[in-house]
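First comes one chain, alone, set out as structure tokens in the form predicted on its own.
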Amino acid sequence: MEKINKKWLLKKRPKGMPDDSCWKLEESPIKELEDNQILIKVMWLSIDPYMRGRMNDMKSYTDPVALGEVMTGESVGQVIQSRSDKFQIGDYVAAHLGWQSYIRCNAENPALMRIFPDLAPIQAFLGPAGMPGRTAYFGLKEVGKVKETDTVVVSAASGAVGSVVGQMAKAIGCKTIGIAGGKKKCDFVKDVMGLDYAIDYKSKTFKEDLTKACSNGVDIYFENVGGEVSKAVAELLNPGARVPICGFISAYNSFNSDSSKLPETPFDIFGALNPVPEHRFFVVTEFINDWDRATQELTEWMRQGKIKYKETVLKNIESAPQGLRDVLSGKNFGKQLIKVSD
């Protein structure tokens, strides 16, 4: 029976929260493989905050998704056909090749990475053992230059990146403060992740609670959120503090290509301090040569129970747009995944 690929194409640029009209679901038959090509059956699709920025026609660290192109994203699946010596039928791979149910591609494509189910469940290679975990790993170690004597604060602490940051810092020996929204997420940060403090940014006493938890100030603030959370942490930074900036989800829906006034960013907040703390935006691809080392260390911490994680799953590729809205609104808990197939 002929296999049909379902893929989401970007149809128009969003203003604010992206609705269904921003995408078009296209179905097309899969062509025969050519030499050195493979066909991957996608099992899990990752939904991540950065996707919202890639929908804007704006200059960034990477090109935006072009109109009519497959929506950007990473997935994991299994090779079901191969005309390559590099991948065999049955191999599992992570592929950063967009929102689609089957991926037909060249085996040498740099967006492919072999993964090993004996190290972790395959969907974990989209979470703590994959790009979010590696982002946490390099942001804390290389950009944050973490030491065991540091006080580390992380925002979006129950999320895919933040949860790994907090538990890594705890494993290293740091004092750890996680900021999350609502009792359920804060309970997870404190009781399951084991951080020293969980601070609810939705609470009326947020600033007082944060100040009390950070009695010796803050040495590393791992930035995922921006906005009022960043302003509160900025007042508590110690001399010599480091601020790795992974993202600032609070402002993502405010960036539009036709907007004359850009929203306030962490660079505005931390750049206005005196003295200005060490702070910079980073992307995980800066450290691509060390990805294997990071994955080995992360999966070992997972095996030892030092990194615990939470997943929110929606079923079927058709759910991808709603998954992104859930991430942008904070409705999801932990890593947002789409289960595309068994």
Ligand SMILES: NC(=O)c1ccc[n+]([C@@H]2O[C@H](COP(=O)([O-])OP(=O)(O)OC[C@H]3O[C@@H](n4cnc5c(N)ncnc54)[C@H](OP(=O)(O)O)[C@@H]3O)[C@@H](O)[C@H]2O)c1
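The first residue of the sequence shown is number 1, and the count goes up from there. Just so it is clear, the structure is predicted and the values come from calculations on it, not from any experiment.
Form predicted in complex with the named molecule: not shown, discussed below.
Screening Tyr309, Tyr50, Trp301, Trp44 for any heavy atom within 4.5 Å of the named molecule in the predicted complex leaves a single hit, Tyr50. A heavy atom within 4.5 Å of the named molecule in the predicted complex is found for one listed residue only; from Gly98, Gly247, Gly77, Gly144, this is Gly247.
Gly217 falls outside the set of residues with a heavy atom inside 4.5 Å of the named molecule in the predicted complex.
Under a 4.5 angstroms non-hydrogen atom cutoff, the named molecule in the predicted complex lacks Val243 among its neighbouring residues.
Among heavy atoms of Met131, some come within 4.5 Å of the named molecule in the predicted complex.
The named molecule in the predicted complex is approached by Ala180, whose closest heavy atom lies within 4.5 angstroms of it. In short, of 169-177, 220-228, 206-214, 117-125 it is 220-228 that has heavy atoms within 4.5 Å of the named molecule in the predicted complex. Annotation for 283-311: interface residues with the named molecule in the predicted complex are Val283, Val284 [heavy atom within 4.5 Å].
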